[in-house]
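Here you get one chain, nothing else, as structure tokens; it is the form predicted alone.
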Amino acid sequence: MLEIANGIRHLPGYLERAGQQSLVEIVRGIVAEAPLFIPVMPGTGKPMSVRMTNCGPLGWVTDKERGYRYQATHPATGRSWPAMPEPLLDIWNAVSDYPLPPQACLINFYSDDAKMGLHQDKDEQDFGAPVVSVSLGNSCLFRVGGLSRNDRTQSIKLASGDVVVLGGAGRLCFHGVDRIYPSTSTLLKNGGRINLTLRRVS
């Protein structure tokens, strides 16, 4: 385990190959039930470069009119999100050091040219619970800063099977993904990266 910053932990190689493959199959099942959609920025309606879906009682969504929020249904199908799978609950229970289960798992799919700008995870009511992030597929350059967007940042390479926990003083730190490194993993047949982000909302 590596302490990136105060309260932010990097657990390299947390999942072995078999565990990664099992999670990819689980994600495929979730996507079949709750298709990936392209989120857009509030106000501008500009599309993000990732595609996303969710599982668990709540899902994180964003659109031009209503902005960032959690809701119990898929924005396109209107159906409830698929249930949170046990392997993700197991990861949360092992690394979160938090007594209550996650209520949302945001599934982001990054193509090899996708990125995610610096942002805070602050649409939750409960900042006492950490954010737990699982990387699958191609490696990425993950950047993390402080509580202000202008704070100094540091970058680390996240590989398939790595887990990052944003908790404590690091719970609201700005973070993002600057780039994907193509062909760094054979886990996903067509390349790209899947990021699973577990959050407690309320």
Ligand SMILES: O=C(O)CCC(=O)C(=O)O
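Numbering starts at 1 and follows the sequence shown. Source: prediction; values computed, not measured.
Heads up, the form predicted together with the named molecule isn't pictured, but that's what we're talking about next.
- Residue contact check for M116: one or more of its heavy atoms lie within 4.5 Å of the named molecule in the model of the complex.
- In the model of the complex, the named molecule lies within 4.5 Å of some heavy atom of R199.
- Taking non-hydrogen atoms only, R171 never approaches the named molecule to within 4.5 angstroms in the model of the complex.
- For the chain shown alone, W92 is not a contact residue for the named molecule in the model of the complex, no non-hydrogen atom being within 4.5 angstroms.
- Per the 4.5 Å heavy atom criterion, the named molecule in the model of the complex is contacted by stretch 171 to 179, the sole one of 23 to 31, 145 to 153, 171 to 179, 36 to 44.
- Here is the short version: of V132, A129, L106, L88, the single residue with a heavy atom within 4.5 Å of the named molecule in the model of the complex is L106.
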